Structure formats: C-alpha cells, structure tokens
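A single chain comes next, written as structure tokens; it is the form predicted on its own.
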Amino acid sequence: MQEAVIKKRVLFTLLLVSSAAFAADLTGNWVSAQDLKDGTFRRTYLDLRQVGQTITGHIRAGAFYYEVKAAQSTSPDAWTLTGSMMDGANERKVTYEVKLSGDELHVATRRNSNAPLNESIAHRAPAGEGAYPKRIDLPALHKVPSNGLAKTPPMGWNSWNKFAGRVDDAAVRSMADAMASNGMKEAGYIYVNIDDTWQADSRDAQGVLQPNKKFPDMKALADYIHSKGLKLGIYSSPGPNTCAGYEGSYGHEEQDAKTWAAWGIDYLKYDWCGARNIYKDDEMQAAYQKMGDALLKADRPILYSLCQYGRQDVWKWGPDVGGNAWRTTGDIRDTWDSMSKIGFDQDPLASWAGPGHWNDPDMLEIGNGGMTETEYRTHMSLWSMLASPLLAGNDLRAVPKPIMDILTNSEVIAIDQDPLGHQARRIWKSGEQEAWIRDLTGGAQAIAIFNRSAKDSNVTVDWAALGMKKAPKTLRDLWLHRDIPVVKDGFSGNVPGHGVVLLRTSK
C-alpha cells in the first residue's frame, strides 16, 4: 500500500516537472526588426508551432527561409532551434537560441562559427505577416532576342567589393567624378554600378520599387552619371529578396524594368539569391528569361548581367535569355588563392564567350590591398585574356599610381576589348608554370606566361609547344611597354612568383 502511494507521488512529481519544462509555449508569429539606418529594417520572422516538446515552423531572415528541423529545450523557457534550407544541391543550416521572457522572444544566432553573436528581441506579429510569397509559375522557354549590347566585354566599377552595404548616392557620384577625371573613362571604364542595398524594404501602393534614403533620387543620380559621359548600373534579384535581404523583383519584373528605364538605368546585375527559396536550380533559365523579356519591353538599352554563380552551365543558355554576361563562379575574394583558382579554372568555358555574351569570373579586386602589385598584374592579365568584364571594385577617389597604372594599361585593356571576342585557352603547362594563348584581330595573338609558384622562375618554352609553326615577326611586352627580341627557338625569361609575362605577337 505504502509502495503504491510512493509511486503515485513520483508520477505526479514527474508530471509537474514535465509540465513546467514546457510551460513556455513558443507558438506564434514572431518578428524582430534591426534598424539599418538607411530607412529600412532587416526583419526576421519566426513562425513557430509548439506541441509539447515538438516545435515546427519556418524562420525567414532576409533572403534565407529555413524550415525548423530540430528543437532542443535548454531550460523551461529556452530552446535551441536548428533550421535547414536547400541552396541548389547544398544544404544550409542555421542555429537560433531563443528564450521566452513575458511577451518577448530573445533571439540569438551567428552567421557562422567565427562571426559575432547577433542578438535581437522579437515580438508577436499578426498571423501571415512576413509569410513567404506563393510560387508564381514560370513561362515556357523561348529565345529572347539579342539587345545588341556588349560587343566587347563591359568595363566599369561596382560598389560591392569595397563598400558592400555602405554604398550611397554621394559615394556613387564621387566614383563617377573620379572615373571621369583620373583616366579610367578614357581607358574604357564606362559603367558605374550600384550593387545590393539600394532598395527600400517595401514597394509603394502601386507596387513600384523604391530606393531607400541612401539614394533619394535615382533619376537625378542617373542624370548626373550621364552628364559625366558614363552609364549607371543597378542590382536586383528574381526572388522576393536580394542577397542582403532588400526588396527583389519577384512578380514585378516588367514593372521594375520600366521603372529602371524611366530612371535612366543602363546595366542590370540580376542575382539569384532570393529565388532559391521558390524555384529549383533547373528553373533558373525560365526565371532569367522572364527578366530578359521585361528588359526588352522597357524601351531602353539595358545591359543584362546574370549572377547565379555558374550553376546549371549558365554559359550554355545565357544568350538565350538575353544575357550579355554571366557569372561562372562563386564570389571572388581579395586573395591570391581565390583569384587564381577562379581565373585559372575558366579554360573549359572558352568556346561560350563572344561578342554580346561573356563569361564573367567576377569583379576585379585590384587595389583593395589583399594582394601584391605583381599579383594584381596577374589578375588584370588573366581577366583580359579571358575576355572578362572588367569591373573595378576599389575606392577610385584615392588610387596609388602603381594600381592606376595596372587598371589603365591600354595595351592590356586592348587584349580584353579585342573585337574578335575569342577567350584565351591554356596551351602549355609545366609544373606551376603555364601559357595561355588568345587569338586577336588581324592574325595577332596574345601570349600570357604565368608563374603560379610563389618563387621566381626561369621559363623556357618553344614556339611549337605554344601551337605556333614558326617564330612571330614581332614580340611586345605589354607590362614593360616595349618590343623585345624574338628568339628563333621560343620564349625564355624570368617570370616573378605569382607573376606574368604578357606578350603580343604580330602575324
């Protein structure tokens, strides 16, 4: 009898503990809003359902939309939530630490293990607020007519590498002023491109996309850029949000294209980020085709640059959606390892480049401080041999002369801008040294001899190994700006570590 009473008391105690452990019910739609000081807020929505120890739901944070896959209670009112989403074939995971305190949900997470803890307070929001939009079916595939632009690779400047989210109207105007006066415009740099974070976080009552307070008047900005003899570029996404979480063009493609045309926009970088939560990678072509059609209807020439990191062999269908250039890689960083891996991996894509449509291994990092001048000359040489867009990414208002000399080397730029439009191929390799050849107009050729070793190297290679039946008539070193003697048997010379010798031959 006494034993039965004890068992009942133990069971009752366990029930009380269990009830207390899960007394904090997280069910609800929670929102935290970080003021970005540009008139926009970065909102994170946690739409959660709790039944006992089980928590389900979704977390929407800018361009990321995670399904809650696991939840672990760490105290009666605190939980660790694990969210998951697919990014193409790759799974992205995030961990949120949440704690309920009265009517507030304290939220903490890290973007990665090395990032600082990001803490915020979420409050209850109306059901449905912040819900991810429903899928809009995509059109059947068809070929978008060419816009006739980018007969040679586009040249200009882009804000992201140096300024990221700090870009504003004043910075863009000052970059245009610098380009117009420091020799870059004369060298061929024409486009002044605003990357992510220019948008408001919502549209007006008619659905028209608005800039945030960093860009008070886009039409006036475009007029100013045009007054300098330059062109203005802008950024968006086929998804509801951009990579940084700002308003994308999803469901508003034609409306946005007309808005940009009215402002005087000349270039669009269209980034896949926000679309990955609605469409699968094999639907990219149709999503990009939708904007390609919209740009043609906008009645203004707007260069169309696809940014989806080389997925789905974009070089095979980029021209069919109206694209003038397409990213072939993930994001570049200002390091030798990043730049060299990206650049030297481009060889298999050579046949897909040509006038009006170009492989794009990402923007230039020249002058941002992460590499040596020798490495930056290699960067400029390799991108020019690849017939890549040349989009500077440094602060143009105070450029050291050696960096400006690299960016404005007219003989190297002439290789990039050669109207034949052939991309270079790797023709010879020996250890960490290799040679690339690019055919040029009039039967000339560019020869780039690269030393990927960190140590200087004496390189000797005969003309036959470079695919040449005989020695060229003339040979010009494009970094030394002088003709050099032609040796009958081939090229022989010192190439600095991580450096290049860039030559131009005559037929």
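Values in this document were obtained by computation on a predicted structure and should not be read as measured data. The numbering used is simple: start at 1 and walk along the sequence shown.
Only in words, not in the display: the form predicted in complex with alpha-D-galactopyranose, which the text now covers.
Out of the listed residues D416, D266, D271, D256, D271 is the one that sits within 4.5 Å of alpha-D-galactopyranose in the predicted bound form by at least one heavy atom. The contact with alpha-D-galactopyranose in the predicted bound form, taken as any heavy atom within 4.5 Å, belongs to Y235 out of W260, Y235, W383, W79.
Taking non-hydrogen atoms only, E375 never approaches alpha-D-galactopyranose to within 4.5 angstroms in the predicted bound form. Shown alone here, K214 lies farther than 4.5 Å from alpha-D-galactopyranose in the predicted bound form, counting heavy atoms only. In the predicted bound form, alpha-D-galactopyranose sits within 4.5 Å of a heavy atom belonging to R327. Residue contact check for L407: none of its heavy atoms lie within 4.5 Å of alpha-D-galactopyranose in the predicted bound form. Stretch-level contact check against alpha-D-galactopyranose in the predicted bound form with heavy atoms at 4.5 Å: of 114-122, 175-183, 89-97, 303-311, the positive one is 303-311. Every member of the trio W160, D331 and M363 reaches alpha-D-galactopyranose in the predicted bound form with some non-hydrogen atom inside 4.5 Å. Along 234-249, a non-hydrogen atom within 4.5 Å of alpha-D-galactopyranose in the predicted bound form is carried by Y235, C243, A244, in order along the sequence.
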